[in-house]
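Here's a solo chain for you in structure tokens, the form predicted on its own.
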Amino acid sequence: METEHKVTIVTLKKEKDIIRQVINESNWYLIGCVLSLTMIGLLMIYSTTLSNSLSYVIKQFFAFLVGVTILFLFSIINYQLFQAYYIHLYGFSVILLTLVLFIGTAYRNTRAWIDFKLFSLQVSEIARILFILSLAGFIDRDYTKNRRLIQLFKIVAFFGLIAFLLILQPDFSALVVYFPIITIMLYLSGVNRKLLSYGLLFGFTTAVLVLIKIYLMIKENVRSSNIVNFVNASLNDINIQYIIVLILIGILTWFVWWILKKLLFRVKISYLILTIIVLWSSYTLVNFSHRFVKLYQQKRLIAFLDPYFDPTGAGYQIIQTRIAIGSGRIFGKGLFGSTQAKLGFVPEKHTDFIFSVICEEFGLLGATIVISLYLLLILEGTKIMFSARDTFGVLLSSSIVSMFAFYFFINVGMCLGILPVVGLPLPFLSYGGSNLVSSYMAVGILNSIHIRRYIY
């Protein structure tokens, strides 16, 4: 009995030491940022839904309490423990994304939520954090092999299954967040930089061609010249124009390679072949894109270039959010004083476009405070990345920081009308319990890395 009593005392002492360490060693600048953003978010959700009910605020506050608890738990847990169970975490994320396809609840033609009566869980939010943990563990498992081509294919396959399950929902907004995570992890993993460059070239070319294709499809008045009609036809079906464009891509790429060679730049023939393959693949993918992306989604992608081509449809959100942001001026209309949001002109005012309501009620001053908090959050996350004790910590922190930075950049750009509307929330501010809880989970992992930065 005396031995058991001593063991209990030692255990309690260790638990107190861990709690004391978490309190003393935590990055309170990081935690302070997310708590401040969450409080602002709760206030703005209350402001935007005041005429409806308190249910939105109550649900968000409950998610906040769960999130803070998870932040504390993940701060206590040594982040290195996840490294050994990376395959289990990956398997669990696949199971979750598969399960939602069968028992999930559909909302706006997307089956992404599991209804637990008291609350709904957006599975993709939790699966993303599990994916970050699992991919970081997979890459760090044998770091020396990452320069091999076969390892790159394994990483792509690792992500490919997740992407496939998200497309089946379909949830393209959740899918797009994975790309900055994958890119930063590949860059830091030691993967061949030339191969990574070809991947970025493929992504950039595809994005540009998609925008060109949609613009030509929607803007009837630009189809006046034969060249424009020729390009438009080549992007919409397998025809003679499509084949001619592929041949022209090959010839132009070869001509650039030949010029570089004459200028004494050492460019291998293999790079020429890879460039042609990448450009051909990109053009072909865009040619078939209309089979996967619906017309209203295509219009939303192009609306930021000219929202007035469809002012009551695809361009409506951008026009109204611009009006809301501009009407706030420097000091805003005051708390609860927004007219664009209160009168229902701004759609999704408590979720995707909550930043526009902040600008309307608190003006440039309020927007500057919110942007400063996000920049401080990204800065503190970057500091944690540079101070991490091991490669696994670097991979985790860099991917989490890139995720938050991408969310912030896209959402604010979307509200300002300088980027396409892709339906991404603003972490800690936008209404959405699943996103809030997963964001706090990510911050907990960052804090765990920070606490153990000097432990070897």
Partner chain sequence: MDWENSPYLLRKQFYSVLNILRYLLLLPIGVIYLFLIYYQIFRGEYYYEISEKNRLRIFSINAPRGIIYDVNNNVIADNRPSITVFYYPLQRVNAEEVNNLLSILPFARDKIFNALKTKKVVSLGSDLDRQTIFHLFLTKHRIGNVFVSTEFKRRYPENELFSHLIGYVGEITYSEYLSLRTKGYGYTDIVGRSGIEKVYEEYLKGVNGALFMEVDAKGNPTRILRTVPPKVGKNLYLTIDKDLQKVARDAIARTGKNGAVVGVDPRDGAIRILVSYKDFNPNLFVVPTEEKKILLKDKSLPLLNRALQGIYPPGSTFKVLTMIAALNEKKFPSKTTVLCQGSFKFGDKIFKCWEKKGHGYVDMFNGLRVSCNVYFINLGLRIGIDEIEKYAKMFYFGEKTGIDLPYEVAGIVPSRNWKKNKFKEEWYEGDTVSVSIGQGYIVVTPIQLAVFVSAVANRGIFYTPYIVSRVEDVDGEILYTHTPNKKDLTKINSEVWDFVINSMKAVVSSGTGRAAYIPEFPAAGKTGTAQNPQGEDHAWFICFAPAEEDKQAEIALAVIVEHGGKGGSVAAPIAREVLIEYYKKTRMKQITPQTVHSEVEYGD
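Numbering follows the first chain given and starts at 1. Since we're looking at a predicted model, the values are computed, not measured.
Beyond the structure shown, there is the form predicted in complex with its partner chain, which is absent from this document and is the topic of what follows.
Colleague: Within 4.5 Å, heavy atoms only, which of Gly104, Pro170, Gly250, Gly190 is in contact with its partner chain in the model of the complex?
Modeller: Checked against the cut-off, the match is Gly190.
Colleague: Using heavy atoms only and a 4.5 Å cut-off, determine which of Gln122, Gln340, Ser234, Ser93 is in contact with its partner chain in the model of the complex.
Modeller: Of Gln122, Gln340, Ser234, Ser93, the residue with a heavy atom within 4.5 Å of its partner chain in the model of the complex is Gln340.
Colleague: Within a 4.5 Å heavy atom cut-off, is Asp140 in contact with its partner chain in the model of the complex?
Modeller: Yes, Asp140 sits close enough to its partner chain in the model of the complex that at least one of its heavy atoms falls within 4.5 Å.
Colleague: Report whether the minimum heavy atom distance between Gln80 and its partner chain in the model of the complex is within 4.5 Å.
Modeller: Answer yes; at least one heavy atom of Gln80 falls within 4.5 Å of its partner chain in the model of the complex.
Colleague: Tyr316 near its partner chain in the model of the complex, any heavy atom under 4.5 Å?
Modeller: Taking the distances in the model of the complex, the answer for Tyr316 is yes, it comes within 4.5 Å of its partner chain.
Colleague: I'd like to know if Ile354 sits close to its partner chain in the model of the complex, meaning any non-hydrogen atom pair within 4.5 angstroms.
Modeller: It does not: once its partner chain is placed as it appears in the model of the complex, Ile354 has no heavy atom within 4.5 Å of it.
Colleague: Of 60 to 68, 391 to 399, 427 to 435, 31 to 39, which is the one stretch near its partner chain in the model of the complex, taking non-hydrogen atoms within 4.5 angstroms as near?
Modeller: Among the candidates, contact is made by 391 to 399.
Colleague: Can you work out whether its partner chain is within 4.5 angstroms of a heavy atom in all three of Ile325, Ile371 and Phe386 in the model of the complex?
Modeller: Yes, because Ile325, Ile371 and Phe386 each have a heavy atom that approaches its partner chain to within 4.5 Å in the model of the complex.
Colleague: In the model of the complex, which residues of 238 to 259 put a heavy atom within 4.5 Å of its partner chain?
Modeller: Residues within 4.5 Å: none in this stretch.
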